[in-house]
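Shown below, as structure tokens, is a lone chain in the form predicted on its own; questions about how it binds or moves come after it.
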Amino acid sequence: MKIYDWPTGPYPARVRIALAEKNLQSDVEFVPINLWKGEHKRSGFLAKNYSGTLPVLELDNGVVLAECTAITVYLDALAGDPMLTGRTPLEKGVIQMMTKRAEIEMLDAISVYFHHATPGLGPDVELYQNQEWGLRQRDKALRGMHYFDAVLRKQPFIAGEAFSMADIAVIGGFIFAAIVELPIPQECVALSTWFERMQERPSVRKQLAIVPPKH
């Protein structure tokens, strides 16, 4: 298998953490696609992924999977017990719901803030920016942090009693938040405590140790 990604990207981090949790790193060849140079928006890569986003998983038979959730579902089912995506119908439904909420309320909102209200990936990539929209999405992300803080006051993990891809999605959000220097609100004690606990997992600690390069 090949994974096209950029090692410090917040979205690629989600799949890299999943790979580490499933102990599949040795089964994958990583192919770097430089986000800062806009390589993910060029025709060669767009032929693999119409959306022009990372990461992308390419199987040995040429089949291509994009989108972090889809890739994680595949990897989780590929290697033994599906511990990241749920074992029962209810677990699967809750994990999918909370993963989507992590994307909409936090991770994707921070992405919009990054691309519209900061220099983003630079003028060669950011061909259109709407600062007002970016700032609105920053505020949405902060509200999302408060939501997940409330969730974690009632349960140990984002989707319930066990670590899942929903936790990985929120971790990806915090990786992006660090890039744009958006801290966890002080009052979100449960969220901060959860994130400290997540950093004790080897899969997460290894990913967070990678310092984003200057562009």
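Just so you know, these numbers come straight off a predicted model, no measurement behind them. Just count from 1 along the sequence shown to find any residue number.
Quick note: we don't show the form predicted in complex with a small molecule, though the next part is all about it.
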{"item": "Residue 121: touches the small molecule in the predicted complex, heavy atom cutoff 4.5 angstroms", "value": "yes"}
{"item": "Contact of residue 101 with the small molecule in the predicted complex (heavy atom, 4.5 Å)", "value": "no"}
{"item": "Residue contact check: residue 115 to the small molecule in the predicted complex, 4.5 Å heavy atom", "value": "yes"}
{"item": "The small molecule contact in the predicted complex: residue 163, any heavy atom under 4.5 Å", "value": "no"}
{"item": "Residue stretch of 149-157, 39-47, 180-188, 22-30 approaching the small molecule in the predicted complex, non-hydrogen atom distance within 4.5 Å", "value": "39-47"}
